[in-house]
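To begin, one chain is listed below as structure tokens, in the form predicted on its own.
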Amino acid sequence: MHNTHPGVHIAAKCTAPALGLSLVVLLAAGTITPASPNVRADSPLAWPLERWVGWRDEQINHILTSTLAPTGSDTRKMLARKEVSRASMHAYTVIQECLKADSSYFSKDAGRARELGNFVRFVKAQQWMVIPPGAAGKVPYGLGLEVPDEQYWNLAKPYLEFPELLKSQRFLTAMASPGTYRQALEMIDSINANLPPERKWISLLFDAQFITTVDDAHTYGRMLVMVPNEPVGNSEVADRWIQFGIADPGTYPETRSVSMFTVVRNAETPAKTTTYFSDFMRIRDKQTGKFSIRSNFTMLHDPSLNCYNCHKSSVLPIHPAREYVLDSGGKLAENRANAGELPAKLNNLIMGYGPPNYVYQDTFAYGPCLGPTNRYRSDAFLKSATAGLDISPTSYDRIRNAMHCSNCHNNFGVINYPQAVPTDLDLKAFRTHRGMVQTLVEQGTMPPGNTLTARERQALWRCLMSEYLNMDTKQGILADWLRGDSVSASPAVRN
């Protein structure tokens, strides 16, 4: 999933000037009278608010500059996530000098809090992923959390224990080959025979639309085992969402990937949750043939990295490319009888979890939600955003009325950076080389129950994308938010 798309190459890395005015350049522009005798004249601690605002805007301009050079027929402008993180790190070095001197520097002053609060949160969240490897060669903050990956694993590990059956040699051996998947499902049926209805495990075989497994098989095949309502402590219960990578029909690669998202909730307040997560590998011992399961977080080179880039909700809603059943011969076959019923049931449960709490991750530091409900969209804006699609003005109201993503997503999973903008994630992780949100909108899955035509759905995505971040002008909801503005209507949209 980390290979660069052949139609696009990464342009030369930004030079220091391209990353914005460096601290040295800014200080050379002139001196400011220090705010106190202990603050040197050239320190950013002495900058007046207008200088901070000018510096912030320079940084935003460079952070939101595309460094992906299009080639061939793919001419889309995109952000390279690593370059966004690098530019954020350069900005954060200036911010960090102030925070080390005074941890409340950007919050205690009303002007700085208003103008710089969102920007500080964003660059802090993005810079974690490019902190250099330690002495052992391991990237310390690859997950993008505010603590090292190792510390997160120590916290999360007790919540990410596999049920005894799923880590048994019998089950893992059955999952190692498509010919024995039926045996694995039969083991689950045996477990369910002795469980009350609310504790019965749910299994689903399907072909994922978007992300491949991170093992060498790079398969889209999945077997979900959802273990619900496990008692945790005195008043809490846990739902374990465990996905095994499986071979696509007709193929026989060794699939090793497994992922687990455990949602812990109070039985009386189900929308207040805490989610713990990890990707794992099934490791087969070459001498004994026995399996063990190891968290990717403990590996020198973790292939999973920042999960929140995709997991905007505690568990991703399930929208399979196709569902599978096992035919009479035990082979995977497309489910043509009741496809969609079980994913719909599971998605209702996912939406009930409320906004995700990943403990050490400031999820709102990634920006506001795509498609706010309180934003004005003029006919002129829709005409400009859909240029070349030959959209009739009679479609404008239908498109406009479908641009209210935040109405639902603010309640369980905010669609923000990088999902709400075109980035290299689209090219590296998704089989269509289009983003997850774009795909769901253009295929008609989102918003639920819409009756838009195929061309109107394409126009809807264009409008949402242009409104969130116009890659040419670097204006839009994300840029406004970084500058401290609200996500309500702005003059740029009212034209």
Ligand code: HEC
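If you're wondering where the values come from, they're calculated on a predicted model, not measured in any experiment. Note that residue numbering begins at 1 and tracks the sequence as displayed.
The next section is about a form of this same protein that is not shown, the form predicted together with the ligand.
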Using heavy atoms only and a 4.5 Å cut-off, decide whether all three of Ser43, Leu49 and Ala91 touch the ligand in the predicted complex. no
Select from the listed residues Lys82, Arg121, His404, Lys77 the one whose heavy atoms reach within 4.5 Å of the ligand in the predicted complex. His404
Heavy atom within 4.5 Å of the ligand in the predicted complex: which of Arg265, His311, Arg375, Arg86 fits that? Just give me the one. His311
Wondering, does Asp239 line up within 4.5 Å of the ligand in the predicted complex on heavy atoms? no
Touches the ligand in the predicted complex: His319 (any heavy atom, 4.5 Å): yes
The ligand contact at Cys408 in the predicted complex, heavy atom, 4.5 Å: yes
Quick one: is Ala459 in contact with the ligand in the predicted complex, heavy atoms, 4.5 Å cut-off? no
Pick from 350 to 358, 177 to 185, 193 to 201, 383 to 391: which stretch has a heavy atom within 4.5 Å of the ligand in the predicted complex? 350 to 358
Which residues, if any, of 446 to 462 lie within 4.5 Å of the ligand in the predicted complex when only heavy atoms count? Met446, Pro447, Pro448, Leu460
